[in-house]
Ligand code: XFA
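A single chain, nothing else alongside it, follows as structure tokens in the form predicted alone.
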């Protein structure tokens, strides 16, 4: 594959653009909320004058968000937020449409940060992040740029946690909206999106039968719960590992066995980490695993699996299938690691379905709108989107599905706030 590079983009192969446009067209047909927002704002262009730098997986769904932001008047520069999640055809289509696109599948570390730096050189007024790499790069490598950015948004649980820690330390220089904390993001994208797309990645990389397998989910938050739900639906025996008592209790009451990773490592056939924490599966766990164990990650960073310790124990290593590396141990046991320990749903599959990303990216769009209008008065720190925007997005989604719901009467509204009413 050749590399095509011009002043305003770098993608793998521009000749893939036609294929990419078809993928984007398909996603647009499945994302009615974003399309409604595009139709609403493409005439008034409330984002005119804004320069948005994005660092987010370059998928067909992301392309719909980018087109919508541009339709609302913004100028765009974009990089991927994971070396293995870029769809090269989509990147080519966006570059051909005039988006400053710096992304290609299989980036090395140098190329990854070069791409982010190109977006920073663009001179953004707003940043849009997934994992907060762009925000951190602005603050610590280009602090002068941080002084000229009005605000930013963050997509993920991991990124929001890191940004709140940064804000608590007094180091966050501009307001950031935690898109992840919108109900129409975390309770849909994280649960149903992660669950379906992660299992899709596992099946594409292995083609194994999940029914009857012991399926170990590390972390029973929204993402882990989604993976457990889908694995259980396919007949797997689900085991969860946790450090938070309430999450472990929820898993137990939902019919999931809970144990430590030391115990689970001996029983599991398939392992997936979804914690946002490093060193969830380490050397001693790999030593306990069965021959043929499959290990993957759906957390944002690949540090959840300690592959350095696995490599040190391994006598031979080979790629036996796409996105499936076989590690043979001294005793002959084989352990299979998917997608190099990176996001299995994006590296080995296509990421979340368009229908669920429709709501997540509608929140990203609304965050950009809110920042363009109110950033100067918001103050530094991590903020959330107003509840009414969340409900508006959910309402548009329901309407697109042909679903009607009840409304409170005036009397019911009055009753809800009348504290004088007794039993």
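Quantities reported herein were computed from a predicted structural model and do not represent experimental measurements. Numbering follows the first chain given and starts at 1.
The form predicted together with this ligand exists for this protein as well; it is not shown, and the discussion that follows is about that form.
With the partner omitted here, the residue from 349, 71, 261, 146 that has a non-hydrogen atom within 4.5 angstroms of this ligand in the model of the complex is 349. This chain lacks the partner; the member of 127, 241, 85, 184 within 4.5 angstroms of this ligand in the model of the complex by a non-hydrogen atom is 85. Comparing 351 to 359, 46 to 54, 367 to 375, 393 to 401 against this ligand in the model of the complex, the single stretch with non-hydrogen atoms within 4.5 angstroms of it is 351 to 359. Among residues of the shown chain, residue 345 is one whose heavy atoms approach this ligand to within 4.5 Å in the model of the complex. Among heavy atoms of residue 59, some come within 4.5 Å of this ligand in the model of the complex. In the model of the complex, this ligand sits within 4.5 Å of a heavy atom of residue 300.
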